[in-house]
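First, one chain by itself in structure tokens, the form predicted alone.
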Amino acid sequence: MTEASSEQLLRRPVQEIWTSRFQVIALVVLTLIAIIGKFYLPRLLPHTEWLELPLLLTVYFGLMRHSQIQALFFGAFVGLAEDSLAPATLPIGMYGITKTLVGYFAAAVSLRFNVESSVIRVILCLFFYFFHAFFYWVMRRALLAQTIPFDPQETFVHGALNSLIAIPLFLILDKMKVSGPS
């Protein structure tokens, strides 16, 4: 073995660790921006309360990391951050629980299916939007005894719109992936 090849073997893990950390840090920063935007964007642009960028980022993280534990913690982080900015009428933990489950199940699905396909991603985003909305509705009814309406048609339309937004968002996030040197 030459000195150049042994030197490359020694440097490679450090560079891969750095790029992996960069990806996670970039995703966390984007997620924080998405969470803040979720609560302030409807004030600037009416009729955008259906936009769920934090959910889409949670789904993306779960699908791309293939680790149920990492996706579970990421979903919990996103959900609790959303809960901290939610109106005072909602207790902390509602979004935390639902986003935790979405992250976990997204990672579980990624272990079974090839999630690189845009069609699969769109279908999964639609499913997880519906799952998130339905489970949130169930928790508010069961845990808080609040009677709130659940309209499956409206949820389906909002899920479809979020799925369409997920296509370019996921492409941008895919482009952000930094591959290590060959």
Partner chain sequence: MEALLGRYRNLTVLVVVVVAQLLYLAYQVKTNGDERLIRVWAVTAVTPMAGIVEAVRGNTIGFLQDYFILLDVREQNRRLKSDNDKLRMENVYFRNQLATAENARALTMFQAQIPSKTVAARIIGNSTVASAKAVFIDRGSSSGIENGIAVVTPEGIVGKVSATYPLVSQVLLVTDPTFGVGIESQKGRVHGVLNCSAGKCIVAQIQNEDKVDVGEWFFTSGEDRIFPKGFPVGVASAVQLGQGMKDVKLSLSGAPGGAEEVLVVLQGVHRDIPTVPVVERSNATLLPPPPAEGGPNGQQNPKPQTEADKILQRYAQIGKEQNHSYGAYGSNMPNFNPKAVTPQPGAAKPAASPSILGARSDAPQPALQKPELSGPVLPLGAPRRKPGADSQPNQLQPKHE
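All values reported here derive from a predicted model rather than from experimental measurement. Positions refer to the first chain, counted from 1.
The following text describes the form predicted together with its partner chain, which does not appear among the structures shown.
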- Query: Does the trio F39, I97 and T100 actually contact its partner chain in the predicted bound form, every residue with a heavy atom within 4.5 Å?
  - Reply: yes
- Query: Is T155 close enough to touch its partner chain in the predicted bound form, meaning at least one heavy atom pair within 4.5 Å?
  - Reply: no
- Item | is_contact(L44, its partner chain) in the predicted bound form, heavy atom dist at most 4.5 Å | yes
- Message: At 4.5 Å between heavy atoms, is R121 in contact with its partner chain in the predicted bound form?
- Response: no
- Query: Would V109 count as touching its partner chain in the predicted bound form under a 4.5 Å heavy atom rule?
  - Reply: no
- Item | Any residue of 53-68 that, in the predicted bound form, places a heavy atom within 4.5 Å of its partner chain | Q68
